[in-house]
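First, one chain by itself in structure tokens, the form predicted on its own.
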């Protein structure tokens, strides 16, 4: 069996390795010059950095075993500290009521609780209005807390009002947690009732997140597969309802029995022939959000403790700041910190075509405005542009995805997976699971419905956790060995 895998991110490489292990002949085609996709790492100013913050955390036994087999013992357990920067103060994230209320002050806390009480007494969790991100969060946290801690950041990220953002984003990222649940957890903290988003530790590879995918690519090659970098796929060919091969840029047509695609769903439909107009119309209604990463080498080593901060201040456009000094693999002799400032935009926004110097100046200015850096000198800057980074969950997007899904599923031998490929806001563990299940379908004629695999899955099979000493089977996401700050 000969299989083409389009894209060398977590989902594609996982599928390719499993297929290679199963005896398939595999070719991986990656448009970029490096493997890892959004989870790749690179060298910068003598250190190793990722594309923003990429922690690995899963409770799925099969996903954890796959990851651990690749990484071996070359990882550290890092105590997660991620906070929200708002009005010059740092609030714990996920939100912890006692921390929030102590920093908001008595007056604002009273108004927040009154807002929640009003929502609960009048409407409870009943649907009101359009099923938007705003209505979902307001139902569970009240109007005032929503406006304080959810609205500004979300609109920076997505570039649309929260009234136009689907509630799917909240359901996947915040899940079923309410203000009442959060207060109960804070006061009582019964382990079994704590929400999954409150996981305190994560595993991090010593060579950066991208190490995992560099090793996977090496194993694919060792098993006889090929990983073609800087090879974009221009066309996916099919005949009589079955995929027949692919054609890369300026390359010949290569025949394959199966194609697994992680390329953006919208681009895949444009790379195929005989696509109905209704499918093209649906693809045109879907959009991705771009990311601008501005790396700054800043004088000093103790700027703040967090791995990353969410910036909720309206006065600045930066949305998230990663501090690579706090990921457990910092050179203790270094006298500087590498910060990564994230901005989000569309292709038509002026920021997307701004010069590197302009973006570096903006990041410098906004960091100083927030107070995260003061008089520290900026030694170096570096900009990375990532197109089509986040699938935009605009209200109604699912019906357009369903149109594409129905068409693509009608093509035998074609599988689409990953954040880009399935238009799902996946983390690494979700994409790895998609890759594993896609390989099962191809090798063993299994029938996992990957379109139904959302990024809010609990655990596909057994539950487990990675710890510093190995993998521990568990029934709770909180039954974890203590991990130290590194």
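Just so we're clear, the structure is a prediction, and the values are computed from it rather than from any experiment. Positions refer to the first chain, counted from 1.
Not pictured, yet referred to below: the form predicted together with a small molecule.
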- Partner contact check in the model of the complex: of 98 to 106, 404 to 412, 230 to 238, 160 to 168, the stretch with a heavy atom within 4.5 Å of the small molecule is 230 to 238
- Considering the small molecule in the model of the complex, which of 390, 153, 120, 397 comes within 4.5 Å of it through any heavy atom? 390
- Sole residue of 210, 264, 319, 142 within 4.5 Å of the small molecule in the model of the complex, by heavy atom: 264
- Message: in the model of the complex, does residue 427 come within 4.5 Å of the small molecule, counting heavy atoms only?
- Response: yes
- Message: Against the small molecule in the model of the complex, would residue 30 count as a contact residue? Criterion: heavy atoms within 4.5 Å.
- Response: yes
- Message: My question is simply whether residue 306 lines the interface with the small molecule in the model of the complex - judged by any non-hydrogen atom within 4.5 Å.
- Response: no
- Message: Within 4.5 Å, heavy atoms only: does residue 342 come near the small molecule in the model of the complex?
- Response: yes
